[in-house]
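The chain below stands alone, shown as structure tokens; this is the form predicted alone.
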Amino acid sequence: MSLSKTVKRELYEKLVLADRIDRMIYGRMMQGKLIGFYHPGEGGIAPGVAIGHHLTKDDIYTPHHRAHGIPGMLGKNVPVERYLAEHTGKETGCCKGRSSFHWSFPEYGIYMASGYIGFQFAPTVGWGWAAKRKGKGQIVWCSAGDGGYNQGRAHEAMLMAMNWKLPVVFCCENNGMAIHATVASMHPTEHISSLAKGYGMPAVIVDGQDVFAVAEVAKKAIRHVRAGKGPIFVETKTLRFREHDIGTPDLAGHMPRSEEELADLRRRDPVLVATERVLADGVLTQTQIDTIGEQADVRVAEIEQFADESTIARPSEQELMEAVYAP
């Protein structure tokens, strides 16, 4: 199943924009212009872009927390300026500036984010059950990191989803790091997707640095579950170039990751990988690539302007109490 030149161009444009937005948000956080935390996505943005691109607006999606889900949001055509406004404490934010950096775009099938690892597995089963009951071809894509698949909820969700043949894709965006813990120290096998075998669930592994490879696998996985064949597991082998979140030491175990190690990882930057591919395959010329970069910079400036010029959120005491206490 090959991707058309049009799809490849769209994926490349979204990948470049995701990279520019991630760098912009990192910079704003360092400048003290954002509320809450930021978990940089640099190095691991390709899977989200590829996955979101193949989901419909009605499909339910829990993005990976790297880059706060923005790569997947761009793939799904979510207006990310509303997310930056949320992160800036503005009324125009996706949650009216009340949530800090936790996103919610229910009109796009993105319902929640949470501060604890593995939160998405229990609701994924519920959403999958509802989607199957409705019988309208809706699917659920559940992304989590390698650390998330250490949670008991992940195993319960896979067991129930497989028993009930729910239209769910379980995806592990495996960057080999869960805050400071390496995947080798947490898992007895090389591939997290081996967990799926215990439930009789089909699984596939893909190079998470290659946005086009992930897109092809995502397309097949979505077709599988949409056809009523039950869950499938996708593992994207991706990378994390920066610290877990801004301000946290970049450690592997108790030791800092070396500059040499990080420089080696950066050789497989997803934008570099994609640029080499589109040039080699004749999808884009260098002039077109330069134009795409310029257009991404313009879009980033628009996103920032929207957030900066929006009204600061000032909820009333009554509104705040209504969100805390049950009637």
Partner chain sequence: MPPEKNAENTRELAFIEALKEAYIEEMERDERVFMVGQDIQGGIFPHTVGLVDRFGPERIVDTPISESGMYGTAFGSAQEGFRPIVDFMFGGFTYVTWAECSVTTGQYYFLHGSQIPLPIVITLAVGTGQRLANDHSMGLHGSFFPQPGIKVAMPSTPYDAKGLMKAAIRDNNPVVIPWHMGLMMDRGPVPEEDYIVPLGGADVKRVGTDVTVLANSLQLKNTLEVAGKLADEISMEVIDPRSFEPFDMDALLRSLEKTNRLVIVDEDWERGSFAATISARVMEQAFDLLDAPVTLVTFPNMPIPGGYMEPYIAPNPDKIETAVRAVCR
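Residue numbers count along the first chain shown, from 1. This is a predicted model, so every value here is computed, not measured.
One more form of this protein exists, namely the form predicted together with the partner chain; it is left out here, but the text below deals with it.
Candidate site formed by Gly36, Gly115 and His254: every one of these residues places a non-hydrogen atom within 4.5 angstroms of the partner chain in the predicted bound form. This chain is displayed without the partner chain, yet in the predicted bound form the stretch 172-180 from 71-79, 172-180, 224-232, 199-207 comes within 4.5 Å of it by heavy atoms.
In the predicted bound form, the partner chain stays beyond 4.5 Å of every heavy atom belonging to Phe212. Taking the partner from the other structure, the partner chain in the predicted bound form has a heavy atom within 4.5 Å of a heavy atom of Thr88. Under a 4.5 angstroms non-hydrogen atom cutoff, the partner chain in the predicted bound form has Ala313 among its neighbouring residues. Contact check for Tyr108: no non-hydrogen atom falls within 4.5 Å of the partner chain in the predicted bound form. For the options Lys219, Lys132, His102, Lys237, the one in contact with the partner chain in the predicted bound form, meaning a heavy atom within 4.5 Å, is His102.
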